[in-house]
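First, one chain by itself in structure tokens, the form predicted on its own.
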Amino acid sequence: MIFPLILALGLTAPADTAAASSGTAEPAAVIVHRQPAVPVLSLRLSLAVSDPPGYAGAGHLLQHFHDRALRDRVSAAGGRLQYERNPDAVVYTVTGPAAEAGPLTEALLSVLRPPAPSATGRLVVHRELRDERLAEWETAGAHVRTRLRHRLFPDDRPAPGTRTSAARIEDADLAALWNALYDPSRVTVVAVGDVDPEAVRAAFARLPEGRPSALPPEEDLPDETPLAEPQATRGWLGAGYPVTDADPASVSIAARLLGDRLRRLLPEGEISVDHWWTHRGQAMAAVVAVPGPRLGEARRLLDTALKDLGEELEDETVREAGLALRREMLFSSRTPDRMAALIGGFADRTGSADGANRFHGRLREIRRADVEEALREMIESEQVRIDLPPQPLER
């Protein structure tokens, strides 16, 4: 699924970077950020991937198959595992004692080969993916965000797949799926913590070679019809604004300012305004939940939200919003896993090892004219609206 841009980390020092030079078994990049004050290490491995046409959910399926064995190995080294399938990559992160860097590295490298689950294991995983697909629809907020995503990024598919792909990946050969997904040149490694940069680079210098193969392309339709009925006791509205050319930092600042404005005008509402940014593109998404009697007012506010925000813009409010986002990045840089997540997220999204640093610096440079330009582009775009009225209560 598409995750909003979470401004969760500040880079207090530049990261050391080693880019792959040549060879089919070298990673795209190994990025090291030393934090020697605490004897903790976080290793993040991502595989930039698009599921083969018609096999949506394949990357996340393989993650579930790796889960138990990988979690046991990491736990034995005193660490913990996090994994996700976001719109840009399949991601594994292990965090634990720096003294256990060797076992943690070996555990992480174990995911770079196809899993071999039992028949029971396959049934369990497919049930887990089915439950994830349902969860994308069953609450009102998730329902609105899923529909916005489908409309704003029509080529994107949810992490656990779709109804049309589910049966296909259930019957697929796992080695064939893995070979269609894996390419060592699309692997990025981020290491943060009390770590020797050269040791990390050496450990990940040579990855298992890929065996490129193509699966027969199939049609994979998005789930436009809800998989579950949303539970909506309030009215929910969604507004999506596609972005093509605007500076990402300007869009993030615009999202923050719009969210502040809507919360001020709808104090009893639940408001979120996020900058959605993946390798497929950018958009700003507003999701508003209000009591039924305020639904008409909320609709009217969203109808003119961007125009009204542009008319209120001032140099000082733009500057303050940029500084606030920078402070949030710094505040959340306290743990190695969060630092690894942001550095790696920017690398996966932009292809730049220094993307997080450059974005952090750009937030300080944005002026009112930059945000006005981003708002103009969004106003002129083909906007997306979702309207989910409250459900009548049964008596």
Partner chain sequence: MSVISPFRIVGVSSIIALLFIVPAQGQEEAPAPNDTVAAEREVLLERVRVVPESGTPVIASEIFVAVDAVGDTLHVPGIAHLSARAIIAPIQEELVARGGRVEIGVDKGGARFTLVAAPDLWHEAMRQLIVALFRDPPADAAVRSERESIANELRVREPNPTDVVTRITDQVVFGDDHPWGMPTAGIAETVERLTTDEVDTYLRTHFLPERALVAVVGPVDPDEIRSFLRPFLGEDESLRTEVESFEPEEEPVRAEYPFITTWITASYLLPPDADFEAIRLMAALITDRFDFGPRSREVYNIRGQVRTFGHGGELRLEIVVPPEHADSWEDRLVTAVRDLGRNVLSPTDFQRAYRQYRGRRLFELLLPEERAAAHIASLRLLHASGVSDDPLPAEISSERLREAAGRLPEPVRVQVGPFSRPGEEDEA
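Residue numbers count along the first chain shown, from 1. Bear in mind that the values here come from a model prediction, so they are computed numbers and not experimental data.
Only in words, not in the display: the form predicted in complex with the partner chain, which the text now covers.
With the partner omitted from this view, the residue of Thr350, Asn357, Ser50, Thr335 that lies near the partner chain in the predicted complex is Thr335 [heavy atom within 4.5 Å]. This chain is drawn without the partner chain; in the predicted complex, the residue among Pro212, Pro154, Pro291, Gly78 with a heavy atom within 4.5 Å of it is Gly78. Taking the partner from the other structure, the partner chain in the predicted complex has a heavy atom within 4.5 Å of a heavy atom of Pro97. The closest non-hydrogen atom of Arg327 lies within 4.5 Å of the partner chain in the predicted complex.
Although the partner is absent here, Val40 sits close enough that one of its heavy atoms falls within 4.5 Å of the partner chain in the predicted complex.
Shown alone here, Pro114 lies farther than 4.5 Å from the partner chain in the predicted complex, counting heavy atoms only. The three marked residues, Asn86, Trp137 and Pro390, fail to reach the partner chain in the predicted complex, with no heavy atom of any inside 4.5 Å. Just one listed stretch, out of 68-76, 156-164, 280-288, 203-211, contacts the partner chain in the predicted complex at the 4.5 Å heavy atom level, and that stretch is 68-76. Taking a 4.5 Å heavy atom cutoff to the partner chain in the predicted complex, none of the residues in 143-181 make contact.
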